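One chain is shown next in structure tokens, namely the form predicted alone.
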């Protein structure tokens, strides 16, 4: 069995959704990294239109709304339970008049061409693919508008086989920062910034909060082998990060649209 590796894709989507709905963030990140990325984005209009794709329950969206702008933000996620939490969070912050979550897919968006000043996506573009996402989303961004995404990336050209297998299974297109910047350029953007998310984004804001959720989750699903295996997978991700964090992480890529994608 050692040669068989489970990935998150092998588990029931409702089980995954229930697990992550109890967390403020569904992936590594922090308010500080969101704000740092926002600081590279110049020249937004006074009331910009922003889309947050794969928004989850909206941890980063609410940071954007509170610290950015008087503009409108539309969060998009495929899971209705996440969007319910998203919209409740907006109501609690009294920003529901300009921050709204809708159920939808990031690869079939219900928007107009050149509609947005900024498309944001933290920890989600791998679901559509980095290259495919940047190319497809380009059409919804105004000229000189921005895209800002976090994406799993290699920090080195070579890495141990164990961690390479883990991430290629999870994100087949995973590549180095330099290669990803070239993809961004080819997709019609001027790269504005790229920076790595801190270790705290993984430990304090992603792995540690899961521990309390795991206890309740396992109690609710006592005897459910799929639930137990899913928790084992999440803990395995934590262990591998501790062991191999010098080789990979999330990188924030910020680009400004100057043209439509270049296809060879």
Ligand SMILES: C[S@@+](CC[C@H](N)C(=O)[O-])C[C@H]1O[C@@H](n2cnc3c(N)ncnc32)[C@H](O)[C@@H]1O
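Small disclaimer: the values here were computed from a predicted structure and weren't measured. Residue numbers count along the first chain shown, from 1.
What comes next is about the form predicted together with the named molecule, which is not displayed.
- Note on the interface: of 208 to 216, 40 to 48, 228 to 236, 55 to 63, the segment with non-hydrogen atoms within 4.5 angstroms of the named molecule in the predicted complex is 55 to 63.
- In the predicted complex, residue 124 approaches the named molecule with a heavy atom inside 4.5 Å.
- Taking non-hydrogen atoms only, residue 33 never approaches the named molecule to within 4.5 angstroms in the predicted complex.
- Not displayed here, the named molecule is kept clear of residue 256 by more than 4.5 Å at the level of heavy atoms in the predicted complex.
- Contact annotation for residue 105: at least one heavy atom lies within 4.5 Å of the named molecule in the predicted complex.
- Distance criterion of 4.5 Å from any heavy atom to the named molecule in the predicted complex singles out 78 from the list 100, 186, 179, 78.
- For the candidate set 154, 116, 130, 82, a heavy atom within 4.5 Å of the named molecule in the predicted complex is found for exactly one residue, namely 82.
- Residues of 14 to 41 that come within 4.5 Å of the named molecule in the predicted complex, judged by any heavy atom, are 25, 26, 27 in sequence order.
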